[in-house]
Ligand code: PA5
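Presented as structure tokens, the chain that follows is alone, the form predicted on its own.
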Amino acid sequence: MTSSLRVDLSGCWLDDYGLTRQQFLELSSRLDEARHETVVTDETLMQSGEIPDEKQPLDGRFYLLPEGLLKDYGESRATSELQAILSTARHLQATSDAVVVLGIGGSYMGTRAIMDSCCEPFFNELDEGRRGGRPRVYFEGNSLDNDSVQALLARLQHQRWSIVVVSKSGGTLETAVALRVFLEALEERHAGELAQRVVPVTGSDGKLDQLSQTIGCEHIFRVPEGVGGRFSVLSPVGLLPAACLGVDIVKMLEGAAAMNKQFRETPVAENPVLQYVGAAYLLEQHRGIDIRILSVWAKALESAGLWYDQLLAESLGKHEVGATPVTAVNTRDLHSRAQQHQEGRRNKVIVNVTTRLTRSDRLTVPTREQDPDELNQLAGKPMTALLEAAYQGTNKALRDAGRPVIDIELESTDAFSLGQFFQMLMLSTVVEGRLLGINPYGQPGVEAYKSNMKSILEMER
């Protein structure tokens, strides 16, 4: 299948405040080199196992996941990892009214993005029939919020429920504490069933793996070696909960594989990954634009924006470089942020994310006999037309103010489109790291607060 995602840079060609086509042309050879490094050099190094110090860590196997999982599924379906994921998801669907996903950062943000993008809005509020017999899915272990945990425990009290816990090491405090709390509640509700109702996604050794063996978990999935947490959404980390929700994970992987193919084969000027990276990088280097507003035009994509916030911030926020990511949802946030985006500091690029199709029937503005709000003039117009007018009007206002804009268009918010989007942004982040001269993998700065937190807790003993 071919990629349907499109990137438009026409909003960047601003002589006084944006880019010139010549600048992009001059960057093309470096973009090509970064692509070659991502596709060929990194893969060769990972296969050889001889990774030089300056490349450590090299968590680039995310790039190989879509084709690898699909190939295995096509050739050896019964024994493939995808089949194991689908079978476990069916087990959880059959035995659970609710599934609690425990994880933090990349261990849950991609899953949340999949749920919000691909499932019905207010999915957890639908009755079982309208959910298609699939369990409600809740997220915890991503903070230390006492009231949130208590509220979820109370909601689960009279339901059949299970746990999917995601942690490569099992040592992350938020997730480990939540697991202990929810395990206690699960033992009370489903005594003797922990082995069937706790599904870990973890590394091959570590605290969570040890706990899984102690419990005797019947289903255990592995975070692939060479795949960092924020790059793991297209592994069992995201695919297992997505399958529980009834999302077509095969289509999602096919979307990602289509983006890989386009990334490998398409010329720089028509390559969505390299177009996006090239424009963002040049704007930062030539215009000092270091705030990147991912401006999504569908509420379903807000969580995907927050997933990208982590991906960009942890990957590129090193050595005093890297853009600051911000997610905005329109038209909601036009009423709170548009003023600053149009007339504030010239340190922002707006990255619009739109979809060509809606996933439900189109609503139209109704006619009313009384017209005090004077909306009868819009009667019969679909809401999608109003949204399009807002989008075009906002882009014109930004262009007139000399504010650069990058437009990304998806076909829909379905599994295939989201797979493309995930893979495009992960590849883009790696390529941008190469241009900046930093390693996009690893997150050494995060360890400082963890160490401080551990010391404080030990002092309180």
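One-based numbering along the sequence shown. For clarity, every value in this text was computed on a predicted model and none was experimentally measured.
Beyond what is shown, the protein has a form predicted in complex with the ligand; the following relates to that form.
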property	result
Partner contact for Gly105 in the model of the complex: the ligand, 4.5 angstroms, heavy atom	yes
Residue contact check: Asn347 to the ligand in the model of the complex, 4.5 Å heavy atom	no
Contact test in the model of the complex: Ser167 vs the ligand, heavy atoms, 4.5 Å	yes
4.5 Å heavy atom contact, Gly229 and the ligand in the model of the complex	yes
Option from 85-93, 256-264, 306-314, 362-370 whose residues, in the model of the complex, bring a heavy atom within 4.5 Å of the ligand	306-314
Candidate site Thr172, Gln443 and Lys450: all three near the ligand in the model of the complex by heavy atom within 4.5 Å	yes
